[in-house]
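For reference, the chain that follows is the form predicted on its own, supplied as structure tokens.
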Amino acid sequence: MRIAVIGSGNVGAALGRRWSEAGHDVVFGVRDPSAAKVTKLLERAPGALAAAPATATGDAEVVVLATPWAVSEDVVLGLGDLDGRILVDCTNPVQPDLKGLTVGHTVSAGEMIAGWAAGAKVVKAFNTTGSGNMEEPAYAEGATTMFLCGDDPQANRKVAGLAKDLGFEVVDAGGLHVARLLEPLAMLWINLAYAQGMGPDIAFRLMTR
């Protein structure tokens, strides 16, 4: 699958590298494709390329938004026409002090991004855990659960397949409005990992009897 990963931070780098290893065609959309950080990333992501964000989306089947929330609107608007494309939203609208969300309850980052990316099939995913778990989602108890949501069932299935390629157990939690629940779940993970001192080697797993 042709995947454009917009952003080369911890989450974008982990996802792009792992998908590249799994055989997908990955292009990182970054401000400066020649930056030393990007060069180092490409050395760890066999076959991956880097380009300006609008160029990276080119013929991508899936566009993955892994940018800080503060710049996400400008980034999405700069990507051009995304009508009919799958846009995976990995963002979390966290406050600078990591103590809460800047939006929530009546709207979510995922729904706002759907408004900015007119016609895109937005799927909220890869936001409820840390990048270390994207590098390695397996624990002794089993695979980490990756929750996702979106209004297009076919798009949800394709993104679920990408999550399974990384080793996640996947739960489709429903329509895009469920992002209002998944974004606070991310805040719970952040609180436990950092404010409560458990560290980033923790993960959520849905169990059934």
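Quick caveat: nothing in here was measured; it's all calculated off a predicted structure. Sequential numbering from 1, following the sequence displayed.
From this point on, the text means the form predicted together with a small molecule, which you will not see here.
Here the marked residues V11, F126 and T129 all reach the small molecule in the predicted complex, each with a heavy atom within 4.5 angstroms. The stretch that touches the small molecule in the predicted complex, counting heavy atoms within 4.5 Å, is 67-75, out of 67-75, 114-122, 135-143, 80-88. Site annotation in the predicted complex: the residue of K164, H177, R31, K40 reaching within 4.5 Å of the small molecule with a heavy atom is R31.
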